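One chain is shown next in structure tokens, namely the form predicted on its own.
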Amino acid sequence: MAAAVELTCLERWLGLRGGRKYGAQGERQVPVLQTNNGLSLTGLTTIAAYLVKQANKEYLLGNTAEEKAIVQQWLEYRVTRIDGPCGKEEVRILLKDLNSYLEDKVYLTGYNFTLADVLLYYGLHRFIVDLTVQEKEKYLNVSRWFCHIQHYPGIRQHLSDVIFVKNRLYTNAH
């Protein structure tokens, strides 16, 4: 999803009035926002954190020092590992690692929904939507987390609903 669309979705979900104009710079099309007081903010996670603060929902950035660090870690992960071109093998490794990480967690920070969950959901959607039923079952923790986030009120918006089958369609029995 293009960063401008993603940031507009985030604005809408946060309850902010629209009208912000997003640009892009450079070969990688890094998002840029011109603020009302003339400053330019550059980068998806920088602009997203700014929008969260504008909406007075700073709890989405983490409540404790540790949680804030974990949110920042996943925001960096989003930009460095998920954005840009990813081959099939890179996606497989990414999903395998994320699946292990989410084994004992509801959200990326543990038990609190944060901006990291929102931006990772937006970033992963293009990969998850193309997974087969078997692949979704292989990455069961990612599937559980993704399904939970896509049903969080107001998050999915224009993105297609990814279907997760709750009953196995095949068995190993003969």
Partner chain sequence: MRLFVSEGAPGSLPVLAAAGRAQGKAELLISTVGPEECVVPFLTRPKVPVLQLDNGNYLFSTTAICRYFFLLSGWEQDDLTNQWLEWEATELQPAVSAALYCLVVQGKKGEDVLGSVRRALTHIDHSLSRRSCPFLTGETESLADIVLWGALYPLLQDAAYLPEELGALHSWFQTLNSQEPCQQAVETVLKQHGILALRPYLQKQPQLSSPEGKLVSNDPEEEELATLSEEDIAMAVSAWEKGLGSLPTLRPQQNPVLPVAGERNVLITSALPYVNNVPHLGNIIGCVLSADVFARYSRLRQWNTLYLCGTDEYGTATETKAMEEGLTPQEICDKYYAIHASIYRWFNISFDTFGRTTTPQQTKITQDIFQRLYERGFVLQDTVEQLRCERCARFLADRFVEGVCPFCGYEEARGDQCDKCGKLINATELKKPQCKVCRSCPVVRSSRHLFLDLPKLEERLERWLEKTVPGSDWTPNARFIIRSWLRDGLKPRCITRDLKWGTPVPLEGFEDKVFYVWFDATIGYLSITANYTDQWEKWWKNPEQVDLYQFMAKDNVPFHGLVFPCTALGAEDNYTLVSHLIATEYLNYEDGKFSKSRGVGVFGDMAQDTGIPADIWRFYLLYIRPEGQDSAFSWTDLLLKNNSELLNNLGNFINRAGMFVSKFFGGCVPEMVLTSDDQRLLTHVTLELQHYHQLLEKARIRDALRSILTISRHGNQYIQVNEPWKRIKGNEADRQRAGTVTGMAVNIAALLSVMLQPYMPTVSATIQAQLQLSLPACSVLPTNFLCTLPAGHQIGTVSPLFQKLENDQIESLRQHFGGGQVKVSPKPAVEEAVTTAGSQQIQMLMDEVTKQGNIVRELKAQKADKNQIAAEVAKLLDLKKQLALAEGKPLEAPKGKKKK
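This one's a predicted model, so the numbers in the text were calculated from it and none came from an experiment. Numbering follows the first chain given and starts at 1.
FYI, the form predicted in complex with its partner chain isn't displayed, but the following is about it.
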*asked:* Is its partner chain in the model of the complex close enough to Asp130, Ile155 and Gln157 that every residue in that trio has a heavy atom within 4.5 angstroms of it?
replied: no
How about Arg28 - does it come within 4.5 Å of its partner chain in the model of the complex, if we only consider non-hydrogen atoms? yes
Against its partner chain in the model of the complex, would Lys105 count as a contact residue? Criterion: heavy atoms within 4.5 Å. yes
Quick one: is Val118 in contact with its partner chain in the model of the complex, heavy atoms, 4.5 Å cut-off?
no
| field | Exercise: Asn56 in contact with its partner chain in the model of the complex, heavy atom 4.5 Å | value | no
Checked 89-106 against its partner chain in the model of the complex; residues with a heavy atom within 4.5 Å, sequence order, are Glu89, Glu90, Arg92, Ile93, Lys96, Asp97, Ser100, Tyr101, Lys105
